[in-house]
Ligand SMILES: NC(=O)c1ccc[n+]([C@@H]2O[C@H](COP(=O)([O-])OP(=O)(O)OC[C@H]3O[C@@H](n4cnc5c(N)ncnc54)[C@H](O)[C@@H]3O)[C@@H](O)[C@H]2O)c1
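A lone chain, given as structure tokens: the form predicted on its own.
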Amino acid sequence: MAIRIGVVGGGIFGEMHLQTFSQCQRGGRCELVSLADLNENLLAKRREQYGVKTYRDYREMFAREHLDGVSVVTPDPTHLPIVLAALEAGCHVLVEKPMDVTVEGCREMIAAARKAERLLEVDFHKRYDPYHMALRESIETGKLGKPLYGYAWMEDRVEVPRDWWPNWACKSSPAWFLGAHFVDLFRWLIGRKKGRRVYATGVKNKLKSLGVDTFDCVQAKIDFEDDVSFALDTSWVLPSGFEAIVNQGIRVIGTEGILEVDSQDRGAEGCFKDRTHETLNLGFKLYSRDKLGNPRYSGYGFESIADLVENIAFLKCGGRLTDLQGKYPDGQDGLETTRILCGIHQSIATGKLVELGTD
């Protein structure tokens, strides 16, 4: 039972998708067939690295390769037409977060997936972190009591918007790029509840002075159903000398307890010539080699991507989409996260509390 996989977007994070599917291929779980990207030089590099067929036009790739699944790893505002084209071609889809930057776009994807009777999965990889799974278990079993409130922070070093994506960062924000992770995570922890209202502020200073016109930081307060609240700080201006590319963590307080996860410092530390001190998140990505010398990757960053292959295999063996409901981050989860993030940016723009209403 061959599961044919294609990837759209072969850049920094797109390579992680290629690494994941190539590892699944070595294990006989899928066939990594093709990659589409606009960058000819990048395509040549990935072709040599992963032995994939390459295309500049994703539509041509969908038409020629008869793929079972596609992962979409392109800048946020470009997801919609690619996802719709993949679904129309009969592919199951894994799309990077946020699913889309508009509520209307999310709804359009969901409707297309229903019409095509295909899987629409969002790569909210925080759910696959075993530390977060333990946090969720403490809530589900009642050890934490009824959740009352939570707080999370996610902060990148300044090189991410300044050096990696200076053109695209102007069309995004740390709330879109980073906050989507923890908005979804908190919803998942408390039972996928809907947001009711948000209030947020944002600051433009450092990045604007560097020629990247976007928010340095965004702070948001989100109220959910059942009187649960969540505060979220995001930024991408940490100094280049900071010990990790991303600083992150979450704490949740309930009527019977508290649990905190420092997602950045998990005890692995090093010192290398190009940086004075570094902490490593080996839970996200751990590289080694198998007995034959092949690359071997592990960690929740890979497991969330490989979940597409597992879900397609289940469906090919006779399983139904309804059987998978609630067992992966789906289009409705992507829609709710986008709805909250749109409210956050509306609140920043108006300076007012935003009622999210119902969807």
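Since the structure is predicted, the reported quantities are computational estimates derived from the model, not experimental observations. Counting begins at 1, following the sequence as shown.
The same protein also exists as the form predicted in complex with this ligand; that form is not shown, yet it is the one meant from here on.
A.B. asks: Would you confirm whether the three residues Y58, F177 and H181 all fall within 4.5 Å of this ligand in the model of the complex, going by non-hydrogen atoms?
C.D. replies: Checked in the model of the complex: all three residues contact this ligand.
A.B. asks: State the residue from D129, D100, E96, D216 whose non-hydrogen atoms include one within 4.5 Å of this ligand in the model of the complex.
C.D. replies: Selected residue: E96.
A.B. asks: Can you pick the one in S298, Q332, Q49, N39 that has a heavy atom within 4.5 Å of this ligand in the model of the complex?
C.D. replies: Answer to the contact question: N39.
A.B. asks: Tell me which stretch of 69-77, 83-91, 112-120, 143-151 has a heavy atom within 4.5 angstroms of this ligand in the model of the complex.
C.D. replies: Among the candidates, contact is made by 69-77.
A.B. asks: Please tell me whether any heavy atom belonging to Y199 falls inside 4.5 Å of a heavy atom of this ligand, as the geometry stands in the model of the complex.
C.D. replies: Close contact is absent here: in the model of the complex, Y199 is far from this ligand, nothing within 4.5 Å, heavy atoms only.
A.B. asks: Just checking whether I12 would be counted as a contact of this ligand in the model of the complex - the rule being heavy atoms within 4.5 angstroms.
C.D. replies: It does: once this ligand is placed as it appears in the model of the complex, I12 has a heavy atom within 4.5 Å of it.
A.B. asks: How about H125 - does it come within 4.5 Å of this ligand in the model of the complex, if we only consider non-hydrogen atoms?
C.D. replies: Result yes; H125 sits at the interface with this ligand in the model of the complex.
A.B. asks: Listed by sequence position, which residues of 158-177 have a non-hydrogen atom within 4.5 angstroms of this ligand in the model of the complex?
C.D. replies: Contacting residues: W165, W168, F177.
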